[in-house]
Each structure stands twice: as structure tokens, then as C-alpha cells.
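The chain below stands alone, shown as C-alpha cells; this is the form predicted on its own.
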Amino acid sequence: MIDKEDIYKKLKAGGHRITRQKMAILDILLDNTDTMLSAGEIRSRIPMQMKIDDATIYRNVQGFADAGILESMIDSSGLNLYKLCDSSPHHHLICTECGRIINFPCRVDFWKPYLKENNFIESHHVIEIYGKCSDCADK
């Protein structure tokens, strides 16, 4: 489970101030830990009485990613999607119907022999498997 106080500590350690805008965006991300959201979707979920412009959302989302608390991916239409990340290495099962994200553990040892065999030095990796979650498959 992702702890809000741990996120605040990471942000503060990285020199970020904890503003009401950051707290509002984080609350939305905390309420949607199993779904990746676009900046526009985050914007649409911010309470009407809170005035946050698009630039502030994009700037904060980028700051969160730089601080290592957000993971991102690009969907099939080229849109950046974000969600809070936990500290354990993992990959994603992504439902193409509802957008639900299911994490599964990263087993780095799986491809290490291929790296060695091909004299390849990995910098990073992303594994995303698309399909339907059990809820959508049952519909």
C-alpha cells in the first residue's frame, strides 16, 4: 500500500514544497492506485472550487515523476498516463476495456541470460501486457 506520508517525505527530501495543489493531485492519484490517469483526467477530478490550471498540473506531475513517486506510460493513442508507484519492481497487466492496472512482480533473472548472451547492457525496461481484466471479461 502506498502511504501518503512517505510520499510527502520523498517530495520534501527532493526539495519540493507540499502545496495544496500537490496535495489535491496526490489525493486523486491515491484514490486511483489501480488505474493510470492522464493529466486531463486528473484535472477533471479536481474539485471545482480549487483553482488549478493545466500548467500547474503538468508541472506537478512531472515533478512527481522526477521524484520517483509516479510511473508513466504512453497509451496506444500517444497520451501520457500516470499512477503512483510503489517501491517494488513490477510490470503491468493493463485492461483495454476499463483501464485497470494490475501489477505483477519483476523477475529480473528471467532475461539476464539473454543480456549476457548478446553482450547487452540494460539501462531500463518496461513490460506491459494488454487484455481484459476478470471484471471486463465476465461482462
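In this text, residue numbers run from 1 along the sequence as written. In this text, all values refer to a predicted model and were calculated from it rather than measured experimentally.
Separately, the form predicted in complex with a further copy of the same chain exists; it is not shown, and the next lines address it.
The chain is drawn here without a further copy of the same chain; in the model of the complex, the stretch among 39-47, 53-61, 73-81, 23-31 whose residues come within 4.5 Å of it by any heavy atom is 73-81. Although the partner is absent from this view, I129 contacts a further copy of the same chain in the model of the complex, with a non-hydrogen atom inside 4.5 angstroms. Contact annotation: C95 falls within 4.5 Å of a further copy of the same chain in the model of the complex, judged by heavy atom distances. A67 falls outside the set of residues with a heavy atom inside 4.5 Å of a further copy of the same chain in the model of the complex. For I121, a non-hydrogen atom is located within 4.5 Å of a further copy of the same chain in the model of the complex, even though that partner is not displayed. Residues I102, F104, P105, R107, F110, W111 of 98-112 are found to place at least one heavy atom within 4.5 Å of a further copy of the same chain in the model of the complex.
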